[in-house]
Structures are given as structure tokens and as C-alpha cells.
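In the form predicted alone, a lone chain appears below as C-alpha cells.
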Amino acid sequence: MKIAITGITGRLGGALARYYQAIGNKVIGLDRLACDLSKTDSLAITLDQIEFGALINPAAMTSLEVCENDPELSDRVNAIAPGILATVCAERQVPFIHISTDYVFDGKEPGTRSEKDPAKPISVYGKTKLVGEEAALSAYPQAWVARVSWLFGPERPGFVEMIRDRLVQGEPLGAIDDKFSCPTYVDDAAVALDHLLSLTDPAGGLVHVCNPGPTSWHGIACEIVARSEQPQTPVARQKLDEMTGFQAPRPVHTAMDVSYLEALTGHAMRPWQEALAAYFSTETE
């Protein structure tokens, strides 16, 4: 199957391209030069010139601050483009997976969120992503909208790599301890998304894809320290409202339940601690 993947320079898009190439699929990488989601007037025409048997859309404007400062661009990329992609896939009757986010929830209540819980985003990013979900499913009810959270993996360094590098270099460590979600290893997400793509009679709709177990950034940092061969280093507890670089509001409790995903695919998602250990082990091989 020819699988088209947007956002291949990103963390999840790159992991999906690597995964499908490894199992023998032809990957059509749609970076911004090949398929600019912000050009919504010509997006359908661009896709008409590309042959594919399935499409996965991880591409998005993900910087909360950029979205707040440029809501019109965020609207085109995150809200309008997914509906156009879904329409093209519906016309061709090929599978489509649109990637969304846990930031569609307001995060006010502790615990885990299911697909049936109401989405009430509090940022421009979250609001435009929610509209994108609705646009995709309205255009193509058999499509999947897969919400992911706190991605980590080899394609692009992030929080996990920052903590590990600081630990190795003997620098002080600190992380936010009052914001909670579920980390998601991109390799595990790629497998889960492939299971969805392989369903012969897809129901379509919302599905949560992450490694289960609510935690904070502080919890992740402490797990990295505990698994490291470096001297044990304390991790300072930081507060969300102390982060002066955060202009956009962040939801506090957005950990997601993956029971529906597991029931659909028959594939269990391993806890994030095991996924983190697997990621570190692949780096040392």
C-alpha cells in the first residue's frame, strides 16, 4: 500500500514514515513543500495529483504561543485543512487518520478522559484542533481521529532528551509537577495507528492513543533519573503558573483512557514507564 504521511519532519510523522518503510510499505512523505496545509484554497488540487492508498495527517501547528499570536493561520492548518484531507479520502474511499491532541479538554477534573467526555478547549490551539476533529469526521465518518499526548521519540529531541542530557552533564534538574497527562512513545503510537488503519470494517470516530498511566513532567523526569546509571539527582518541583514563557493557557488534567483503542484493535498499550525504558534501550543498541 502507498501510504501518504504529512508532517514527516515532525516527531510522529517521522516515526510513522520509519515504521511503514521498515515493514515494506511505500511511503509518500508530504512535507510542507509537497503539501502545505496552510494553503487551504489549493490543498485539494495538490492532493489530486498524489496517488495513495491511505493518508495519515500528523501535521499541525502545535506551538500554543504561535497559535495564540496567529489564530488565522492556526485555523487554516488545524481546523480547515483536516476537513479537506478527509473529503479527498472519502471521495477515494481510502483510509484516513487525523491526529489530534489531549489539549481539546479543559483539564479541570482529575482522572482520565474517555472519548465520550466533552471537549472544552481553553486555548486557540485546542479550539482549532477540536474544530479540525469535527471537520474531518463530518466529511468522512469512517475516518479515525486519534488523540495523542506528550510525544517522545528519536525523530526530534524534546523534554525526555533534555532531562537525560542535563542529568549526564550534571546540571540541576527541575520539572512541572502540577500538570498531568500520558506520555506517548512514537514507536508505540505508530503500531497502534497501523492497527487502526488495518481494520477491515472501521467504525471511525474518536480514539485515544497513548501509553497509559497519568503522570506529570516531574514524574517523567524522576523516572529518567531512576533508570539512569548516573548518580541519583533530585528533581526540583516546578509549578505551571511559574512558567513565564507560557502565554497560552494549558489544561491541567488531560490523561487519556485507551480502553477503546485496545478493544478495537485487540492490542494492549504498555505503560509509559515500559515504553520509556524501551526507547532508551534502542538508543544504546
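Numbering starts at 1 and follows the sequence shown. In this text the structure is predicted, and so the values were computed from the model without any measurement.
Note that the form predicted in complex with a small molecule isn't included here; everything after this is about it.
Engineer: Out of the stretches listed (59 to 67, 44 to 52, 221 to 229, 239 to 247), which one is close to the small molecule in the predicted bound form, meaning heavy atoms within 4.5 Å?
Structural biologist: Only one stretch passes the 4.5 Å heavy-atom test: 59 to 67.
Engineer: Looking at Cys35, Ala255, Val235, Ile28 here, can you tell me which has any non-hydrogen atom within 4.5 angstroms of the small molecule in the predicted bound form?
Structural biologist: Contact check passes for Cys35.
Engineer: Within 4.5 Å of the small molecule in the predicted bound form, heavy atoms considered, which of Thr112, Thr87, Ser149, Thr215?
Structural biologist: Among Thr112, Thr87, Ser149, Thr215, a heavy atom within 4.5 Å of the small molecule in the predicted bound form occurs only for Ser149.
Engineer: Considering non-hydrogen atoms and a 4.5 Å limit, does the small molecule approach Met269 in the predicted bound form?
Structural biologist: Although the small molecule is absent here, Met269 would stay clear of it in the predicted bound form, with no heavy atoms inside 4.5 Å.
Engineer: Give a yes/no on whether Ile3 approaches the small molecule to within 4.5 Å in the predicted bound form, heavy atoms considered.
Structural biologist: No, no contact at 4.5 Å.
Engineer: Though only this chain appears here, would Ser100 touch the small molecule in the predicted bound form if you measure heavy atom gaps against 4.5 Å?
Structural biologist: Answer yes; at least one heavy atom of Ser100 falls within 4.5 Å of the small molecule in the predicted bound form.
Engineer: Answer with yes or no whether Thr9 is in contact with the small molecule in the predicted bound form, where contact means some heavy atom within 4.5 Å.
Structural biologist: Yes, Thr9 sits close enough to the small molecule in the predicted bound form that at least one of its heavy atoms falls within 4.5 Å.
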